[in-house]
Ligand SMILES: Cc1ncc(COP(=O)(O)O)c(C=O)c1O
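Here we start with a single chain on its own, the form predicted alone, put down as C-alpha cells.
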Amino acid sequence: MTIYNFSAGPAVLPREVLQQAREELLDWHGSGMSVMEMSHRGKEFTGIATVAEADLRELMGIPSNYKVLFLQGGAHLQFAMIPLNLLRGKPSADYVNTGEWSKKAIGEAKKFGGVNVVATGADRNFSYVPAFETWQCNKDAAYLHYTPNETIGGVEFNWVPLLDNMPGAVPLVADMSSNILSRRIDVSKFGLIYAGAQKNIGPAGLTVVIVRDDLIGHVLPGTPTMLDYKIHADNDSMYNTPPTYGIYIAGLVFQWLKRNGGVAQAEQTNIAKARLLYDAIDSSSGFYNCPVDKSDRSRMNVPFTLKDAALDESFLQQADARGLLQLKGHRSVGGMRASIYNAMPLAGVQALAGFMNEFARQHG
C-alpha cells in the first residue's frame, strides 16, 4: 500500500531525496563521513552549503543585493529577529492579521515597538484576505509584515501587496514558511522573506532568511549577537554551528526541484492538485465544506469539514486504512486539513479525492 502523508509540518519530502540521503548517509561522496559528522568549516560541508545557496538563488531568482541566511529557531524566532533588526529607530511597524501565524508575529513584535494592524480578517473568522485598498498603512512604518499563506486557516494571498520596495521606502516582509518555492515570486518586491524549512524545503530545524543588504546592520541596542542578521551574513551563516544536515537535505530538495522543471513547473502542479481537491469538496452537494473564500483558498493547506462532525472519526480511520495519513485538522480549528506541498505527488491528491467521493456516497 502506498502511503501519502498530508501532515502540515514536518511534512512529506520527495521520495528520491530520501533515497539519495539514505545512500549517502554513512559515506558522503567517498569522504568516509556522514554529513552529520562533518565539520561545518571543512571543505566538504562548505561545498554543500555553497551549492545549496546557489541553487536556491537560481530557483527563486534572488538578486545579488540580497543575503541568503541558513539559520535556526524556526519562524517563531524570526518573529523577534525581524523587529530587532528592522525597526531601525522607527517607533512602529505595520502588520496584516490573517490568522494564527499573523497573530503570533504581531504578539512578539509588540515586545519591541509599536504595532499598527493595517488589516484583519478577524471579522469573518479569518476566512478571507482583506482587500489591499482597505489597508490602513503608515507611510512611516519601519516595515510591513504579512503571512502569504496561513497554514492553519488555509488562507493564501494570490497577490503581492503593492509597496515601493526600494531603499528608503517601507520594506515588505513575508513569512513564507508554508508556500516558499510553491509559486513564482519577484524577490525584488520584498525587503525580507523568511521560511521555516519543515514544509516545502526540508527537515525541521532549518530556517531560511532572504534579506536585502540595506536592511542589515541596524539592530536595536542590546540585541543578542545571535539575533543580528549582520553577524550571520558576515560569517556566511556559520557564526556558530549551523543545522548542517538540514542544509544538506534542503540542498537535495533544491536539486530535485531543478530536475523537475523548477518553481514554474511546481506551481503548475500545485494548481492542478489544489483544483482537484477543491473540486471534490465543492461538488459534494454540501457533504464537505471549505470555509475559505474561493479567491483566497490556499494551494498548500486545504481545510474542510464534514456536514456531520459525528462522521469525523470514521473518516479518519478509513483514510488511515487507505494510507492517507495526517488528515486531522488543527486542534484550534477541527475538521480536516490536507497539506499538499511540493513533495506531495498528484497521485496522492487523486487518491484522497477518490476516497472523499466514495465516503460521501456512502454517508451522504
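The structure displayed is predicted, hence computed values, not measured ones. Heads up: residue numbers just count along the shown sequence, starting at 1.
Keep in mind the form predicted together with the ligand is missing from the figure; the text below concerns it.
Can any non-hydrogen atom of Ala80 be found within 4.5 angstroms of the ligand in the model of the complex?
No, Ala80 sits far enough from the ligand in the model of the complex that none of its heavy atoms falls within 4.5 Å.
Taking the ligand as it sits in the model of the complex, is Cys137 in contact with it (heavy atom to heavy atom, 4.5 Å or less)?
Result no; Cys137 lies far from the ligand in the model of the complex.
Should Ser177 be classed as touching the ligand in the model of the complex when contacts are defined as heavy atoms within 4.5 Å?
Ser177: contacts the ligand in the model of the complex.
With heavy atoms only and a cut-off of 4.5 Å, decide whether Gly114 touches the ligand in the model of the complex.
Gly114: no contact with the ligand in the model of the complex.
Out of the stretches listed (261-269, 248-256, 280-288, 194-202), which one is close to the ligand in the model of the complex, meaning heavy atoms within 4.5 Å?
The contacting stretch here is 194-202.
Listed residue that, although the ligand is not shown, lies within 4.5 Å of it in the model of the complex (heavy atoms), from Lys90, His76, Arg124, Arg275:
Looking at the other structure, the residue within range turns out to be His76.
Option touching the ligand, based on a heavy atom within 4.5 Å in the model of the complex, out of Asn85, Asn149, Asn97, Ser182
Exactly one residue meets the criterion: Asn149.
Can you name the residues of 92-106 that have a non-hydrogen atom within 4.5 angstroms of the ligand in the model of the complex?
Counting only heavy atoms within 4.5 Å of the ligand in the model of the complex, the single contacting residue of 92-106 is Trp101.
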